[in-house]
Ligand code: D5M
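Presented below, as structure tokens, is a lone chain in the form predicted alone.
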């Protein structure tokens, strides 16, 4: 392919080349022919990922026009994910996390010049340090001791239960997150006056003159997949059913984002085969393509993987491989991204994360729960990390770079996984959990988890609507 492109006078950016390898040969040839027909004689043209986001892959496509020219993938880890699997990589991974979050802290006035932990001494009236939480434990009197470390050393601070404000902050802490501490040294402990998360400012809301639909956890292939409900949803998208108001919303839909668990997968949990009606993962994706392929093709469909999909289990998860989901890739209006990823919908930045870490957060922090996942999402935004706890239920790949740090503040944060709808506007950011198209499973019955089925959140020109398809 590269030779053909070079012969025709094209240069290809590496990320664009990786994406071109996922396309059908006929589609690539169409791209080349359309580019050749539109460039000036002798002009050298560079193929970027943005070029591939246009309608140029279709016969007669125009690089400067097209319904989705303003769609962009801002962050996708599919081709950036790298690890050798050596112990050294784990050190690099946590150093990357620490340094990224330290940089965010240093953008704040009070942490512009933090003190290395190794330099802390009783001679300083006030100390300001940034550290990663190594251990949290309770004393016999129910005070809280938190051990933190940086690249120079480690130190502990103690929070007395009588200090209700700080004790409440200490109860929010989880292992492996990065925090800022202000205080003074008394004996071998720091006595904090402030415990601070990286945090985020209130953002200005981005205007939207279109609608975006958010779904996840369809679990196609499972005996509990709600096929009739999903078909009603598709008919609404195609403006075939609904009230006049709902049809108007459907007419304005430009994007559909699916935040993982498109299919139920194979071997995800013990005895799963007993709950499957399609027992082959390729056939599950074929069925998904059959259903999703009925959606009108002027809606851009963005698909990220979840823990049931045929991507690797460890996060960050690369986009669903084409070898499993080829029929979905053949749909002209689909875009495959990693978990997590950030996309721009006409300038509106959407952070997509399936939500596996919500399990760990709900089990670790007292005031958090699956039923109120919007609170978990707000907490993760304040921590500026999508899965801060290492070594629990969420498998994390220790890579050279930690791609789960929230470097860029989104306008919308979309997740799934917990099968329960949730919504909150937090500091100007839309927090959306899109529920499920799967009825209550045996596992959920054991833990008394009641899913919200067929309830679809839609941002209609910036206003949230939840439409029911039951």
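Residue numbers count along the first chain shown, from 1. Since the structure is predicted, the reported quantities are computational estimates derived from the model, not experimental observations.
The same protein has a further form, the form predicted together with ligand D5M, not shown here; the description that follows concerns it.
Worksheet entry | 4.5 Å heavy atom contact with ligand D5M in the model of the complex for all of 308, 418 and 443 | Yes, the whole trio is in contact, each within 4.5 Å by some heavy atom.
Worksheet item: Which residue among 393, 137, 312, 367 has a heavy atom within 4.5 angstroms of ligand D5M in the model of the complex?
Response: Checked against the cut-off, the match is 393.
Worksheet item: With ligand D5M left out of view, which of 359, 150, 287, 169 would have a heavy atom within 4.5 Å of it in the model of the complex?
Response: Checked against the cut-off, the match is 359.
Worksheet item: With the partner left out of view, is residue 217 within 4.5 angstroms of ligand D5M in the model of the complex by any non-hydrogen atom?
Response: Yes, contact at 4.5 Å.
Item to complete: Verify the contact flag for residue 261: yes if a non-hydrogen atom of it lies within 4.5 Å of a non-hydrogen atom of ligand D5M in the model of the complex, no if not.
Response: Yes, residue 261 lies within 4.5 Å of ligand D5M in the model of the complex.
Worksheet item: Hey, in the model of the complex, does residue 12 get a heavy atom within 4.5 angstroms of ligand D5M?
Response: It does not: once ligand D5M is placed as it appears in the model of the complex, residue 12 has no heavy atom within 4.5 Å of it.
Discussion item. Taking ligand D5M as it sits in the model of the complex, is residue 16 in contact with it (heavy atom to heavy atom, 4.5 Å or less)?
Written reply: Residue 16: no contact with ligand D5M in the model of the complex.
Worksheet item: Thinking of ligand D5M in the model of the complex, which stretch from 123-131, 217-225, 202-210, 296-304 has heavy atoms inside 4.5 Å of it?
Response: Contact-bearing stretch, as computed: 217-225.
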